[in-house]
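Taking the form predicted on its own, here's one chain by itself in structure tokens.
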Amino acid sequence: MKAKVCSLVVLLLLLTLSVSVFAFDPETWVYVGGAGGPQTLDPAAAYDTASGEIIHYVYDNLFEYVGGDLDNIGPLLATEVPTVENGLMSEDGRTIRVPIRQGVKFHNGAELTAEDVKYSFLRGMLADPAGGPMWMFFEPLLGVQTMRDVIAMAGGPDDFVDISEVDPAILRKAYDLVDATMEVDGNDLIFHLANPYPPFINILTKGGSWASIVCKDWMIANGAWDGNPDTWPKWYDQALEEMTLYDKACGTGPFKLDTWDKSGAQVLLSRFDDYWRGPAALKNVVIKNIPEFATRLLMLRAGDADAIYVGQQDLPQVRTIPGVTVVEDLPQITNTVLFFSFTIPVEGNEDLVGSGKLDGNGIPSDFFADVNVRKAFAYAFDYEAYLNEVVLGAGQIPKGPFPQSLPYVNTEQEYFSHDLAKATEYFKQAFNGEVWEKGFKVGIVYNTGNDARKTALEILEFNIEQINPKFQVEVIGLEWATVLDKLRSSSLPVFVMGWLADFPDTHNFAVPFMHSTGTFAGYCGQGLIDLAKEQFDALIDAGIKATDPAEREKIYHELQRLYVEQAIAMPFMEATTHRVMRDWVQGFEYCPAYAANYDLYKISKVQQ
């Protein structure tokens, strides 16, 4: 109770934005972002960095990247990292035994058990929210992508509209298939994989919010799946807001959730004093979202914020501020991409598609299903100008969907460049010349607060509109929550998103970008889903199953070639990153796999 009262005081003070509110409080951390707040706090559904940041502080995983090093995995809630050498992994890599740490407490006081760990993963797979991260468990454990696929394996339909339509006997068989992938043996959890899957341990490692461990008894008491093999369909693919953990939490992490204040765009956390590794130095945490950079900058200067989000183009404004530390050129496994929707809903979407026809006042549903349109957009963008003038050289131009820091990427792949003559040529070919003759009008979307994305779209808008006066592109900023809602309904004709690696393997970009069940296929409509089933799915499945590195390289090179050849989307930046903080921040440790901007358990504040 005392911690909650203290957090409320922090909130009220923050809202005043006075010059010296937080000027050095060693126990309170204030981070102010600018690109949007969480979508959900449920580890089974969260698949965005803003949500993952909060989950990172509240929950623990089985393993962690020691010192932020992706090549050094150590135990966290597990006591050992399974290997063939220590006997916890079978020779073929398909059976993995994980010993669970004893004496760890959840925030409600309950002690962690192996049953909690199994429930965490089983519950997530059975829930399988559409567009979520659970494919990372289905693929290694069952060789499929979704719970819908498991139902088909059990003899049911894969095209049902409502799960209540499926025979309960089939649903029980589907449950048994999932349940058999994990077993509790004393204080160990044993995973049974369908095939060898080299990055499986990475999937279970800190930074992967989907592998957070929840408390089974607390979940059931708060309305989550009750553990009954026959009742799970009630919780299958719920709306995010209906899920138990949408805005509640009970983890084993160093901080407890106090409040997710959606109207105030902030999350308040407090220290968990019974944390198994010992209490954190920080007592209170405020994670706030303010789109306006000027306000964030004012808070940083005044010491009201310990750290803020600063776009690359704004870094020159903070480099020389006394008492501010800027850490630059931090590596990322990421890319930023302009996506095209192949099947755009027209009704109710007039603000983005206009008339819904190819008549100069809108675009039809299948506008971007024409490869000529996609290639025209890709050649209209000025990649070099964006790299050098917007993000000030902090990154590199991609060669396709796979970041060049990963293995099996063809760094010699021919890629798009700024070429308005080629863009004109492809626009003239699109829809048998109708695009050129009639013109079009389309809204392209970015999330407000992300000025770099806004500028990228403005570059594209300027170049396309100078090609033909009949071409109209409107750059539209939407709140992050609105963007996510529209993505779930595949309503955005063109949009910009970044993808931060779930785990450091090329496969982790092949699935979301190119598989028919991948995150972006879902966002980009049925047209892309159908194309992926026809051309990409089998290659992607073969890529992760291949044990010969030369064979994997051949497969991923082919996927990369197809992606660029057909201009499935337009990756335009593989960025490095940076952090901007007050110089009193001590213990900063960076990990490319973390959604969290700072690992707050390791942070303390010491006035200089």
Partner chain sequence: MKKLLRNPLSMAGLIILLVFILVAVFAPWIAPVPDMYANNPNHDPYRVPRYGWGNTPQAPSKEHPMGLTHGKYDIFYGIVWGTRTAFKVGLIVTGVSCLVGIVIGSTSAYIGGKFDEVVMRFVDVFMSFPFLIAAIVITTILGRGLDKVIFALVLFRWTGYARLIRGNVLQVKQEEYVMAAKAGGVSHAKILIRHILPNTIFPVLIQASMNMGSIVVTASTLSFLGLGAPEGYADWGQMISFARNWILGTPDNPLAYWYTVVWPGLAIVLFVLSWNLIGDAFRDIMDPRIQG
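Residue numbers count along the first chain shown, from 1. The term rigid core refers to the most C-alpha atoms you can superpose between the two forms while keeping them within 1.5 Å. In this text, all values refer to a predicted model and were calculated from it rather than measured experimentally.
Below: the form predicted together with the partner chain, not depicted.
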For the partner chain, considered in the model of the complex: do all three of A376, H557 and Q560 come within 4.5 Å of it, counting heavy atoms only?
no
Location of the partner chain contact in the model of the complex, chosen stretch of 74 to 82, 293 to 301, 200 to 208, 222 to 230 [non-hydrogen atom, 4.5 Å]
293 to 301
Quick one: of Q332, Q313, N349, T343, which gets a non-hydrogen atom within 4.5 angstroms of the partner chain in the model of the complex?
Q313
Single option in E461, D217, D359, D179 placed near the partner chain in the model of the complex, where near means a heavy atom within 4.5 Å
E461
Should E111 be counted as a contact of the partner chain in the model of the complex, where contact means heavy atoms within 4.5 Å?
no
Is the gap between G354 and the partner chain in the model of the complex 4.5 Å or less for some heavy atom pair?
no
Can you tell me whether D419 touches the partner chain? I mean in the model of the complex, with a 4.5 angstroms heavy atom cut-off.
no
Please check if G449 has a heavy atom lying within 4.5 Å of any heavy atom of the partner chain in the model of the complex.
yes
Using a 4.5 Å cut-off on heavy atoms, what residues in 464 to 483 are near the partner chain in the model of the complex?
E465, Q472, E479, T482
Taking the rigid core as the reference frame, tell me whether P99 has a CA displacement of 2 angstroms or more between the shown form and the other one.
no
Do you see a C-alpha shift of 2 Å or more at G186 between the shown form and the other one, with the core held fixed?
no
